[in-house]
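We begin with a single chain expressed as structure tokens, specifically the form predicted on its own.
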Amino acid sequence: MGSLDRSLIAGLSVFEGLAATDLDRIVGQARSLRIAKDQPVFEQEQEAHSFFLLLDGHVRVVKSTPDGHEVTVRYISPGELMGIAHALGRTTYPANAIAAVDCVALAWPSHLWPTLAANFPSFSANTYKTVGSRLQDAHTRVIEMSTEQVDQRVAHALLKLVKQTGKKTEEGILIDFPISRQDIAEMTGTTLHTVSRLLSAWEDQGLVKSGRQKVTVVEPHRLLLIAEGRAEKS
């Protein structure tokens, strides 16, 4: 395989502020890989041998609990880092990362992390900004789980996915990767039955359209009212 080109990473926020020669040095130490849909990028508690940058596709991050349950923590979109265990002071991955669709990523050996962080301070700062943002997201989800009704949590989850991956279509804004009702249930701490009931009701009201592993938000403003607890009760 030929050498990788810096255009793969130029313009991405995590590499903001780096000179072209710096980008060449960083990408020159990476390898590219393809991950088929439903295959793991890495597994929870596996030794963190590499960290990754997603170039194409979407990755589902799933946390396995001690009692055997799985919780969908977040989705990774193109341009985002993942598997940055060493930035968290860990030697193992804290969760599973599974390709939601066929994906393309770059991978760097984890032993390069201290060198890259030291030699490229802006890369290090941008990475820790990503870590901070994800911790804030996790904090927000804990608050939502503790204080919000289930319809608010599901509405918030759909709106977040629309913001992250939304694609405008004739019907509305499509969440642009396969997502099942079970995935949404895992994201929001509820049951498949409850998510199915809510989506069916919202379809009847013209708020969303859903099919097999497909959700389109038709009325985002009305969904926001539900998320904020301001929707009129019927």
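Note that residue numbering follows the sequence shown and begins at 1. Keep in mind the model is a prediction, meaning the values are calculated, not measured.
Below, we turn to the form predicted together with another copy of the chain, even though it does not appear here.
Q: Looking at 49, 197, 167, 63, which is the one with a non-hydrogen atom within 4.5 Å of another copy of the chain in the predicted bound form?
A: Among 49, 197, 167, 63, a heavy atom within 4.5 Å of another copy of the chain in the predicted bound form occurs only for 63.
Q: Find out whether any non-hydrogen atom of residue 141 is located within 4.5 angstroms of another copy of the chain in the predicted bound form, and reply yes or no.
A: Flag for residue 141 set to yes.
Q: Taking another copy of the chain as it sits in the predicted bound form, is residue 69 near enough to touch it, meaning that at least one heavy atom pair lies within 4.5 angstroms?
A: Looking in the predicted bound form, residue contacts with another copy of the chain include residue 69, since a heavy atom lies within 4.5 Å.
Q: Within a 4.5 Å heavy atom cut-off, is residue 78 in contact with another copy of the chain in the predicted bound form?
A: Taking the distances in the predicted bound form, the answer for residue 78 is no, it never comes within 4.5 Å of another copy of the chain.
Q: In the predicted bound form, does residue 91 come within 4.5 Å of another copy of the chain, counting heavy atoms only?
A: Output for residue 91 is no: heavy atoms all beyond 4.5 Å of another copy of the chain.
Q: Check, residue by residue, if 9, 23 and 101 all come within 4.5 Å of another copy of the chain in the predicted bound form, counting heavy atoms only.
A: Checking in the predicted bound form: none of 9, 23 and 101 is within 4.5 Å of another copy of the chain.
Q: Output the sequence-ordered list of residues from 124 to 158 with at least one heavy atom within 4.5 Å of another copy of the chain in the predicted bound form.
A: Counting only heavy atoms within 4.5 Å of another copy of the chain in the predicted bound form, the contacting residues of 124 to 158 are 128, 129, 131, 132, 134, 135, 136, 138, 139, 141, 142, 143, 145, 146, 147.
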